[in-house]
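There is one chain below, alone, in structure tokens, taken in the form predicted alone.
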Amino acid sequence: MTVVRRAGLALLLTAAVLVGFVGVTHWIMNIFIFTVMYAGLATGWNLVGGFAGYTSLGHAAFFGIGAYAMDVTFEHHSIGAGYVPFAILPFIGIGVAALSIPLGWIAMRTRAATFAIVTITLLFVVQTLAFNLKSITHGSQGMGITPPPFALHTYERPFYVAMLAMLVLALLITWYVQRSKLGLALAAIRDDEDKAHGVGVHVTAVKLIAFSTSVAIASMIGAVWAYYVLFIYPQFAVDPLISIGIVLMVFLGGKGTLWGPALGALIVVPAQQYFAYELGASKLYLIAYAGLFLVIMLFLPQGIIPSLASWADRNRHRRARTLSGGQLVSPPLHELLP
């Protein structure tokens, strides 16, 4: 990473942190929280959907499991000064990652559309359990957690910082994967799984690592969400629209990139919030989701960041040919390296 990129990244993260300490209205802060939440979910999903090429539609199941883990844990326990629930997030992530390994081992024996169907089936299984395990989840009556004693004028700040920490964690993991043997193995699996197995890639282990890490991030974010909204219901904690939104954001920003999923969330979430407020219970804002999917498929099939990178490469090569009198000049070796 160049000095300029490091400086830009530090400036961006500093600005993101400072947003939580600026005196903005509660509803704007709420949009910030949900934008960062979906950016973290999309970045985590990218590990399995972007790098490995396994399109999961069931991440909302693990989001919901994390949410219920938070509420069940503190249903009869004190939250202290309000920060204790944040301390158990790593334990929720580790627990859900362990739970996901046998589920992922079964699901990832399938591929492509079959895998997507298996994962969305898992989502509906978890949602059905949330409705019917009333002794644990209270079913359709929902369950809640004790409100934290945070100051009213800065109530959202701890939740924003927690969501931002989850996003930074997801970005750091993605950055590491991009530059590691794990990333190369995932790329090989995405391109041709059979050939990857033939050249010695431990396909099953690599896929399970990506899947368990991805859903662990989703579960921790779900736990923070449950603490923020205080009261959860099965239809909202395990909502297929969460999975659809995640996939849309990743495809919009660019699969397999570091910043693409976060960029997609930065575009989609504020727009979704606006349409939801304007159109309300009519659910007509879902038409905007469908329209955005259509635009991506027609004009940005690679996503925003890969499309911009391709455009910049074409322009650079065109300028190089012009300067060389029309002869094709190969770009420097360092520009060909990722």
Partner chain sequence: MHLLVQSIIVGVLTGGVYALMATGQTLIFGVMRVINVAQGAMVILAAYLSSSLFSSFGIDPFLSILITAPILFVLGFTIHATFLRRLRPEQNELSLLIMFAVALGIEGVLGLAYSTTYRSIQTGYVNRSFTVAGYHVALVRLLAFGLSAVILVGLFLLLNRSRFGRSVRATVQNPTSARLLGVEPTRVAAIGFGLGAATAAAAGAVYGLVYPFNGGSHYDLISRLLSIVMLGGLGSLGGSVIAALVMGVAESVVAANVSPIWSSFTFFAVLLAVLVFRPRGLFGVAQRGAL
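What you see is a predicted model, and the numbers here were worked out from it, not measured in a lab. Residue numbers count along the first chain shown, from 1. In this text, the rigid core denotes the largest set of C-alpha atoms whose superposition between the two forms falls within 1.5 Å.
Although it is not shown, the form predicted together with its partner chain is what the next lines describe.
Visitor: Is Arg109 close enough to its partner chain in the predicted complex to count, meaning some heavy atom within 4.5 Å?
Guide: Arg109: contacts its partner chain in the predicted complex.
Visitor: Though only this chain appears here, would Thr121 touch its partner chain in the predicted complex if you measure heavy atom gaps against 4.5 Å?
Guide: Thr121: contacts its partner chain in the predicted complex.
Visitor: Would Gly53 sit within 4.5 Å of its partner chain in the predicted complex, counting heavy atoms only?
Guide: Yes, Gly53 sits close enough to its partner chain in the predicted complex that at least one of its heavy atoms falls within 4.5 Å.
Visitor: Looking in the predicted complex, any heavy atom of Leu172 within 4.5 Å of its partner chain?
Guide: No, Leu172 sits far enough from its partner chain in the predicted complex that none of its heavy atoms falls within 4.5 Å.
Visitor: Quick one: of Ala271, Leu308, Leu286, Ile28, which gets a non-hydrogen atom within 4.5 angstroms of its partner chain in the predicted complex?
Guide: Of the listed residues, the single hit is Leu286.
Visitor: Give me the residue from Leu230, Leu133, Val168, Ile88 that has a heavy atom within 4.5 Å of its partner chain in the predicted complex.
Guide: Here the answer is residue option Leu133.
Visitor: May I ask whether Val125, Phe251 and Ala290 all come within 4.5 angstroms of its partner chain in the predicted complex, judged by heavy atoms?
Guide: Yes, the whole trio is in contact, each within 4.5 Å by some heavy atom.
Visitor: Specify the contacting stretch among 92 to 100, 74 to 82, 243 to 251, 152 to 160, defined as having any heavy atom within 4.5 Å of its partner chain in the predicted complex.
Guide: Partner-contacting stretch among the options: 243 to 251.
Visitor: Trp311: after superposing the rigid core, is there a C-alpha shift of 2 Å or more between the shown form and the other one?
Guide: No, Trp311 moves less than 2 Å.
Visitor: Using a rigid core alignment, state whether the CA of Trp27 is displaced by 2 Å or more between the shown form and the other one.
Guide: After core superposition, the C-alpha of Trp27 moves less than 2 Å between the shown form and the other one.
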